[in-house]
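This document starts with one chain, in the form predicted on its own, laid out as C-alpha cells.
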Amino acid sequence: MILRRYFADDFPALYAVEMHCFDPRFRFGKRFMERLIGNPQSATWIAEEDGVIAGFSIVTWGSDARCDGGYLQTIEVEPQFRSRGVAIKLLSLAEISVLTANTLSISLHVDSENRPAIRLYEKCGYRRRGRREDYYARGRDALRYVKLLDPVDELSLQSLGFGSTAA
C-alpha cells in the first residue's frame, strides 16, 4: 500500500471511490469535492495499491474549517480494502496535515448510524462532543467528534500511518 498526496489526474478515480462508498443522497457533488481538494487550506491523501485508489481522506483547516481547528471532511475506503488499516493510516496523515498547519485539534461529523466509522474514530482517540439533528439527508443525525492533537505523539513513527497512538 502506497500513501501519497493527491494529484489532479486522480480526481476521476477518487470520485469513483466516493460513488462506491456513499449512496447518492449522502454523496458530495463533484464541484464541491473539487473545491475542497483545491482549497489551499486542505490536504487530500490517497491510499493506493497496484495503481488502484483504495481510499482517500480530505482535511481542511483555518477559515474554511467547519469547527475550530482542523476538520475531517471525509475519509473513504473501497469495500475490498476495508479492515486492512487503510482508514487509520489516512486518518493519521490528515491529523499530521492539521498539525503542520499549526492547529492542535481536529473534529468531524459522522452519521449516528455508521457504527464502523464511530468505532474507528473512538479507537483513534476521538471523543464525542455532541449530536446534530437532521445534519444529513433524510433527517439523519450526526455525531460530532473532536480530538486534541499532541505533536509529539502524532509525529511518532507509530502514527505516521503505521498504527494509532490511541488505546
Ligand SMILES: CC(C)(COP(=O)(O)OP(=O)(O)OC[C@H]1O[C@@H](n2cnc3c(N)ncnc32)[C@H](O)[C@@H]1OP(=O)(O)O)[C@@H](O)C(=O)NCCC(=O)NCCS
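One rule holds for the numbers: they count along the sequence shown, beginning at 1. The shown structure was predicted, so the numbers you read here are calculated from the model rather than taken from an experiment.
Just so it is clear, the following notes concern the form predicted in complex with this ligand, a form of the same protein that is not shown.
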*Exactly one of Cys21, Leu14, Leu149, Val146 has a non-hydrogen atom within 4.5 Å of this ligand in the model of the complex; which residue is it?*
Cys21
*asked:* Partner absent here, but in the model of the complex, which of 114 to 122, 98 to 106, 127 to 135, 34 to 42 has residues with a heavy atom within 4.5 Å of this ligand?
replied: 114 to 122
_Check Val77 for me: does it contact this ligand in the model of the complex (non-hydrogen atoms, 4.5 angstroms)?_
yes
*asked:* Residue-level question: is Val86 within 4.5 Å of this ligand in the model of the complex, judged on heavy atoms?
replied: yes
*Could you confirm whether Val110 comes within 4.5 Å of this ligand in the model of the complex, counting heavy atoms only?*
yes
